[in-house]
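Both blocks below hold the same protein chain, though in two forms, and each is given as structure tokens: structure 1 and structure 2.
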Structure 1
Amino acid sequence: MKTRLAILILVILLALLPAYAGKYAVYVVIHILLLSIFSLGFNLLFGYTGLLSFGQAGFYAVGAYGCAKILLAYPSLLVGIVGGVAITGVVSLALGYLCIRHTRIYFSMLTLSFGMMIFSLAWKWRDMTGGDDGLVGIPRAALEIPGLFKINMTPMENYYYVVLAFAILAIALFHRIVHSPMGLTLQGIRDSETRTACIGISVRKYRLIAFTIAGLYAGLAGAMLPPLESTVTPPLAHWSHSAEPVLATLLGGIYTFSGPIVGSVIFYLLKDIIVRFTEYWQICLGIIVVALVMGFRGGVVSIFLRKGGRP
């Protein structure tokens, strides 16, 4: 009951954020929500299925470029976001079929290779991606359903509510997945692949499902970035960008539902603060993250779990 009340209060505060906070605060919260979605998908793959991927940034970039190309050709926000996610789903399903045939370090290296392949395509395929210049002038198109409504998205506050709505839906769906029989199956595969296979469960099938869902979450986060920034560039697909959901998940808690969300808040705020003081922010951020991970080996959420809270 207390958990539900706390969640309700948090949702209300987020809904009222544009009324009592400035534009920069709204901008920061949008990025935290995007990182949370990104990290949730990674945690389904790593924390619940036991597969460490270093290529999630590739799917993030596919969603971003897919949405950007659609918006440049047909300025409809909903079509752009859904289209970007759909394209990512196809790509993650195809690459997942190849990757899940291996596990442990071999799986990680395959995902890293495919992620860097997407980065190379984004960098070299100038006719499609704009090359190192990226895609610019992406419109923040109106949210509309023909014949029903049309909402102007030019004010950042309006777009904030779109991102918030998608984030709430993504979090609710993730909660349903990990607390369903499929979620228990994925955890069984993580704990003992052999025992899970012995009771007649297709391990490869469930790994492929987890891989595809993780790709869809990364694609959703990526697809909501172009309308915010009005530009998409190749560094979104770089392997270093894949480290963000990894670090956020480690900070919050690998084997917990809320860990990636809490970790995303901590990681982004630390990054935002450190950047203001030094150009060597990556070194400082790395030291702080390592210290936090070593100090809270189960993640920050583990502190509340020890006190009898829920994950």
Structure 2
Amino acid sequence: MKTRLAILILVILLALLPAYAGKYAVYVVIHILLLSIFSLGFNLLFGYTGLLSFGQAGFYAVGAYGCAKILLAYPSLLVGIVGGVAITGVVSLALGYLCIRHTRIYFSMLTLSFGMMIFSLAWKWRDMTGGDDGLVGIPRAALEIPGLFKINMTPMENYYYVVLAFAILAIALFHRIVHSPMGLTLQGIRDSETRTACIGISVRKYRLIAFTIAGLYAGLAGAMLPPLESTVTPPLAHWSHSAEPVLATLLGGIYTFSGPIVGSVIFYLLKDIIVRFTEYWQICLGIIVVALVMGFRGGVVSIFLRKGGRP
């Protein structure tokens, strides 16, 4: 009951954000929401299924470039975002089929190489992706269902509500999934692949499902970026960008539902605050990562919960 009340208050605060906070705060919160979605998907693979992917940025970029191309050709926000996610779904299903044949270090290396293949396409396939300049001038098209309604997205506040709505939807759906029989199945695979097979579960099938869902979440986060920034560039696909959800999840906590979300908030604010004092914010992050791995593997959320519960 307490948790529900807290979530309700949080949602209200977020819904009223443009009323009491400035443009910059809105911009920051959009980015935090995108990173949260990105990290949740990553953690379905890592925390729940036990697969560490270093290629998630590839799917993020597919979503972002997909949405950008659609918006440049056909300026409709909904079509752009849904289209970007759909393309990512197809790509992650196909690559997932190839990646889930391996686990552990080989899986991590395989996802890294596919992610970097997407990066090199983004970087070098000039005709399609604009090369290292990326795609520019992407419109923040109106939210429109022909014949029903059309909402102008020019003010960032309006776009903020679209992102917030998608984020709440994605987070609620995620909560459902991880607390469902399928969520338990994924945790079984993480805990013991052989045991899971020996109770009659096809491990590969569920790994592929988890991989595809993770790809879809990365794609959704990516697809909502171009309307905000009006540009997409190859570094979005680079493996160092794949590290962001890894770090955010690690910060917040791997084995908790809310870990990746809390971690995204901390990660982004940390970056934002430390950068004001010093240009060397990475070293702070590095020290935090090392400290977390050495001592607090449950992440920040578990420090508050005092044990590995799942809020």
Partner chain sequence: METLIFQGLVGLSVSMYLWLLAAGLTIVFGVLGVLNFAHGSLFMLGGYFTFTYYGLLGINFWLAIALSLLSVGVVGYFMERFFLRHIYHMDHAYQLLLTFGFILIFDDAVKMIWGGVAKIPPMPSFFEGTVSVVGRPFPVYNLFIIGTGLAVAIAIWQLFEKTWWGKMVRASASDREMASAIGVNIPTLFTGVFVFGAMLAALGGALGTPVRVVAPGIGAAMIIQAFIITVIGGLGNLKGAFVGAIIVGTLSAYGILLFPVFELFLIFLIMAVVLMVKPQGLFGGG
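For numbering, take structure 1's sequence and count from 1. Basically, rigid core = biggest C-alpha set you can superpose within 1.5 Å across the two forms. Note that the coordinates shown come from a computational prediction; the quantities given were computed from them, not determined experimentally.
Here the chain appears twice, and structure 1 is the form predicted alone. Here the rigid core is superposed, and Arg276 then shows its C-alpha moved by 2.6 angstrom between the two structures.
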